[in-house]
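Heads up, the chain below is alone and in the form predicted on its own; it's given as C-alpha cells.
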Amino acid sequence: MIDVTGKVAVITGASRGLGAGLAERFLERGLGVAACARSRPEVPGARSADRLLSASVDVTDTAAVAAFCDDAIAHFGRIDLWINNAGLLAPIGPLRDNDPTEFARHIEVNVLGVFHGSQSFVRHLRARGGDGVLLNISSGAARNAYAGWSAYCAAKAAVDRMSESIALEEADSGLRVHAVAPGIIDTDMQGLIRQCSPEQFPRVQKFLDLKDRGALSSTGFVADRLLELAFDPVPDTPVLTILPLERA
C-alpha cells in the first residue's frame, strides 16, 4: 500500500455508512481526518485528537461548510483530499407519488451539498497553491436510470456533470477531480434498499441477490481504493471513475 501518513482528508456524511467507514480506515492508514455530518461523527480508532476533527455540519448551509473548511485548515494546516460523500436515497418510489418537499431536500443535500464542499475546497487550494484531490461520491445510477429512484438518479447525474465542469475550470490550479461510483457497499443504505417493495423499487431483487451472494464491497476496501485514486493515480484516469469490485 502507498504511504499516506500525514495527508489530510475532509469527509462529509461521516456519521454512518460509507463516510464512517472511510473516516475509520483513513485514521488507520495515518491520515488526518476532518469528519462532519448533521450528527457529529463518532469515529472508532481515533487514538489521537490531533489527527481527528469532528463536527456537526449541515452541508446545505454554505456558511457552515465554509466554516468547517476553515476549522480543518486551522487544525491541520492544509487539506489534501476532500470527499463529498453526504447524501440521501429517499424519496424512493414512482415520481408521481414523491413528496415535493422531500424531493427538494434530496436535491439540496445531494447536489447543493456537493457544490458547497467543492467550492470551499477549490478556494482553499487556490489560496494555498499546490496539488489537491476532490472526490465526489457518485453512483451507477448517474449513468443508468432506475424506476423508483428519480431523485437519486437525477442528483447523481448532476454530480457527474458538476465534477466534469470543475475539472475543466480548475485545470490550471493543481486540482484533480473525480466523480466516483464506488460500487455496491454493505451499508445501512443498502439495507434500506432491500426493505423496499417491488412497487416502490422494481429492481429490489437484484440487490437482495447481491447480498445473498456476498457480492457487496466493504467500506475498508473502498477506502483503500479511494486513497490509491487520490495519491497513487493511474495516468489519464477519467473524471468519471468506477471502482473495481472487491474480490471475495
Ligand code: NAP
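This is a predicted model, so every value here is computed, not measured. The first residue of the shown sequence is 1; numbering continues from there.
Just so you know, the form predicted together with the ligand exists too; it's not on screen, but the next bit is about it.
Site annotation in the model of the complex: the residue of 62, 190, 54, 200 reaching within 4.5 Å of the ligand with a heavy atom is 190. Screening 66, 204, 210, 185 for any heavy atom within 4.5 Å of the ligand in the model of the complex leaves a single hit, 185. With the ligand omitted here, the record of contacts in the model of the complex names 104-112 of 73-81, 160-168, 104-112, 121-129, defined by a heavy atom within 4.5 Å. For the three residues 178, 229 and 243, a heavy atom within 4.5 Å of the ligand turns up in the model of the complex in no case.
When contacts are judged by a 4.5 Å heavy atom cut-off, residue 91 does not count as touching the ligand in the model of the complex. Not displayed here, the ligand is kept clear of residue 116 by more than 4.5 Å at the level of heavy atoms in the model of the complex. A residue is said to contact a partner when one of its heavy atoms sits within 4.5 Å of a partner heavy atom; residue 87 meets this definition for the ligand in the model of the complex. Contact check for residue 31: no non-hydrogen atom falls within 4.5 Å of the ligand in the model of the complex. Along 130-157, a non-hydrogen atom within 4.5 Å of the ligand in the model of the complex is carried by 137, 138, 139, 152, 156, in order along the sequence.
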